[in-house]
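Okay, so here's just one chain, in structure tokens, the form predicted on its own.
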């Protein structure tokens, strides 16, 4: 199977950590791709009309995209304990953690756009604050509802990889003042699956047709 990947994507890392936890990592050929909302990657668009990674090309040629869909597929390929539980209440708890993690990553990425990636003249501080408040509220919720740690599931993987991206991009320093969350996060980051999949790299956002100074002209138009 071919996993189209990006080394600084929390969603792509979620899939690769999942594959390690499921014992499937050696069945994946990882293909590094660079994507950005303002930089078209034709190879990725040919597989996913949204132009985003992760994308999994299965052995039979089936193409899957979206981290949750890919993880669901991978969970059906191994014979160990399922990382997406079948039955309630564990299934609902795992899916709720996954939903929180995806929202946390979305809000963190949006906050980074407003603080760093968007041309300075086009940034809107109230929108940045709104996104950061979601990140902070999610981390506060996790401090009060830290995963129990009995078994690793899709929700734990999603949370750890989302938090690792928040830390990697310095969006919010979530560990001080949250001892329970911090302890859980440090334990999870010590797992072989996390240590084998470190985040790295920077996103290139500026297309060739968007020269330096153009943002100022747009702002003044």
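Residue numbers count along the first chain shown, from 1. If you're wondering where the values come from, they're calculated on a predicted model, not measured in any experiment.
Separately, the form predicted in complex with a small molecule exists; it is not shown, and the next lines address it.
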> Looking at 50, 57, 31, 183, which is the one with a non-hydrogen atom within 4.5 Å of the small molecule in the model of the complex?
Replying inline: 50
> 109, 142, 135, 84: which sits within 4.5 Å of the small molecule in the model of the complex by any heavy atom?
Replying inline: 109
>> Considering non-hydrogen atoms and a 4.5 Å limit, does the small molecule approach residue 179 in the model of the complex?
In response: no
> Is residue 11 close enough to touch the small molecule in the model of the complex, meaning at least one heavy atom pair within 4.5 Å?
Replying inline: yes
> Hey, in the model of the complex, is residue 95 touching the small molecule, heavy atoms inside 4.5 Å?
Replying inline: no
>> Check residue 67 for me: does it contact the small molecule in the model of the complex (non-hydrogen atoms, 4.5 angstroms)?
In response: yes
> Pick from 32 to 40, 156 to 164, 171 to 179, 190 to 198: which stretch has a heavy atom within 4.5 Å of the small molecule in the model of the complex?
Replying inline: 32 to 40
